[in-house]
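Single chain ahead, written as structure tokens, the form predicted on its own.
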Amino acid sequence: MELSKLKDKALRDIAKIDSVERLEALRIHYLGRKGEVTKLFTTLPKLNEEERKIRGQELNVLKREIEKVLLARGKTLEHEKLGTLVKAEKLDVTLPGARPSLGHLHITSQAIEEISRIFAQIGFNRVRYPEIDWDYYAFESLNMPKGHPARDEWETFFMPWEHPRLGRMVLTPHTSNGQVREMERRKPPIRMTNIAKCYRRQSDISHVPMFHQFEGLLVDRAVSVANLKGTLDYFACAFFGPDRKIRLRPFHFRFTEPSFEVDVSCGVCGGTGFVFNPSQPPLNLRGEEQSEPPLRLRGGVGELQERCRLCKSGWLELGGAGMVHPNVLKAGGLDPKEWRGFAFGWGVERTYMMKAGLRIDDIRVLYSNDLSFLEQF
């Protein structure tokens, strides 16, 4: 093929190309190691010296011209491609912008803020004390002897460090470690709340190994159980609503005397101990299966029921309360003949689970990282 014809054909082929990828393939076709122009260079050794010199010059000119046209066409294709992208991705700056997705406080953090706000309204100041503390503040100063079950390693997370006077270091199993610390820090009257993480070796539908606990302490003169009951009733009305009830059951704690367990009527079953579930065998009031299903009239309609999975009896334990033990007052440097006080503490998560309308029957779901659940709050 004459060089002029080869050149014309190459230029026509290049002009027809509509993509960078196809242009590269065409370059290889003409100028590659086995390309049309490259093949002509292999014929030069067969010519005499004068013909070889002239033919070589002509082939070099042809190669440079094809390379020049290839380069120009490549730039044109790149420009066209960029123009297409600009048109497809055109930004209209006059359109309203899309707001970024914002998160919110975790349900537990919301509960902590609400609890703090309620007690602040009646003069309780929120304080912070260590979540990793010494045995002395977690147990010894709270009137718990060395052999107390709460100090068993099967119940409590102990750390490998020990103080010669304060004992071993421990992940606080309760927020009561702040009681003596607060009495050491300031003189009565004292009204404080301490909300912090606590750690215990428990895990079920109403317990998790790490949870948040709320501690309240009031120390003053002429303090009685009536003051304690009034404070808890105020909180129940403000936090749970006027339809929920709190009860005090006599109990035994080493750091209070007298002591009480604080219960709140269950928000899942409405304090009845039963929930509607037509797929399960019916139970009678003793928890036994019976042939004829029990009926609970709601709006005139009978519904099958089963035991409430969370409370089992209509009440859910929130935590403990009582009058501060004289030995605890002494550990805080106070004279129990002059000063009296009351204290109470319960789990923040468990308290929030009992809030009206939530119907959460497993505390572990709060820490499951299920966004479909967490985004509801």
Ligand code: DAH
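Counting begins at 1, following the sequence as shown. Keep in mind the model is a prediction, meaning the values are calculated, not measured.
Absent from the display: the form predicted in complex with ligand DAH. The rest refers to it.
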| item | value |
| --- | --- |
| Contact stretch among 320-328, 31-39, 45-53, 60-68 - heavy atom within 4.5 Å of ligand DAH in the predicted complex | 320-328 |
| Proximity to ligand DAH in the predicted complex, single hit among Gln213, Thr156, Thr231, Thr193 (heavy atom within 4.5 Å) | Gln213 |
| The unique member of Arg73, Arg244, Arg168, Arg200 whose heavy atoms fall within 4.5 Å of ligand DAH in the predicted complex | Arg200 |
| Partner contact for Phe235 in the predicted complex: ligand DAH, 4.5 angstroms, heavy atom | no |
| is_contact(Thr172, ligand DAH) in the predicted complex, heavy atom dist at most 4.5 Å | no |
| Non-hydrogen atom contact Phe344 with ligand DAH in the predicted complex at 4.5 angstroms | yes |
| Trp134, heavy atom within 4.5 angstroms of ligand DAH in the predicted complex | no |
| Stretch 157-179 - residues with a heavy atom within 4.5 Å of ligand DAH in the predicted complex | His174, Ser176, Gln179 |
